[in-house]
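Here we start with a single chain on its own, the form predicted alone, put down as structure tokens.
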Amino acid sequence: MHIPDGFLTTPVWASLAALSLPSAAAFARKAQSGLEDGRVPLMGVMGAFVFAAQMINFPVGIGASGHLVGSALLAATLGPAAAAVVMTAILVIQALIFQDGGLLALGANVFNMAIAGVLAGYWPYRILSGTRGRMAGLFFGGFLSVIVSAALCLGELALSGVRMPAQVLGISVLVFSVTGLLEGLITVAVIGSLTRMNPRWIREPAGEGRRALALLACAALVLASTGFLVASALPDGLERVAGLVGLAGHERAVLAAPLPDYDTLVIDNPWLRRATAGLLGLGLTTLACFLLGKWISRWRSA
């Protein structure tokens, strides 16, 4: 789902960058109204968990894999404004440090996943949150967040002149639909499990919900340090589509990342190389999201 540099034409990526920057700033300003100091750790832990989960690809059929995007999960726990801020921070770190998504395409990735994806994931949950269909809202939010993000991604490729034959579109729909279904199931499983442990973990993360936050943090550590051992080696949905339409090999790096493809090249042991990169990214994401939360919270107080 992360668009690399070289796939989009200049007018497309530049327009999306111009749209995403003020949108992300508006979400940061909006987040002031609902973010108190006690909820700042929740931003850091949720950002860490989503970053780690995005590293783990699972097979979805037709020679492709997918991974948790986390837009609906963040929106349901943090609210859409703070969720957009956290997802933007994750995407920036992935692009700058790990070359996961392009720097020029960062605006497109932010728009697709941190803005449109978060809003698409939030509204089904928001509509059904006060009813018995709350979990159905979470599921449909997860599914819709992936479908909307994927549709925008494919549309941006089409605007960049990439021809999409009917067969490729059919494969894309199938791959992203399966990914969306799994996104919905994972979102329900994560929030359902933590809510059963402590129903107030979202409202009072610094108090009664501390145990749930600790469990999420431990899960993020495990995923970041060992999850790649069971991750699928198949190309993700976008890479699969790129191979079918002749985009494979068009990726280009505008700026060399220090840890490309989540690999610490200076370490000899393969497991340590990946684990070190994952843990470093986890730490950077946690710190960035926590500091952003502190900044927004103090901005609100001022």
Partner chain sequence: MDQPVAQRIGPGIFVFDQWSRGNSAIHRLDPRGKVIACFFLLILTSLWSSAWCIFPLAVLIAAAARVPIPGLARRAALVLPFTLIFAAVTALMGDYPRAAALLWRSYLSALWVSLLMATTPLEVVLETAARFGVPRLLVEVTHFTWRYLGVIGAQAWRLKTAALTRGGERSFHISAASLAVLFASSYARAERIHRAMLSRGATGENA
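Keep in mind it's a predicted model, so treat the numbers as computed, not measured. Residue numbers count along the first chain shown, from 1.
Missing here is the form predicted together with the partner chain; even so, the following discussion is about that form.
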Are 147, 155 and 218 jointly within 4.5 Å of the partner chain in the model of the complex, each by at least one heavy atom? no
Only one of these stretches, 221 to 229, 120 to 128, 99 to 107, 134 to 142, has heavy atoms within 4.5 Å of the partner chain in the model of the complex; which one is it? 99 to 107
Hey, in the model of the complex, is residue 175 touching the partner chain, heavy atoms inside 4.5 Å? no
Just checking whether residue 171 would be counted as a contact of the partner chain in the model of the complex - the rule being heavy atoms within 4.5 angstroms. no
Partner contact for residue 213 in the model of the complex: the partner chain, 4.5 angstroms, heavy atom: no
Distance check, residue 201 to the partner chain in the model of the complex, heavy atom within 4.5 Å: yes
Even though the chain is shown alone, can you say which residues of 163 to 182 have a heavy atom within 4.5 Å of the partner chain in the model of the complex? 163, 164, 165, 168, 182
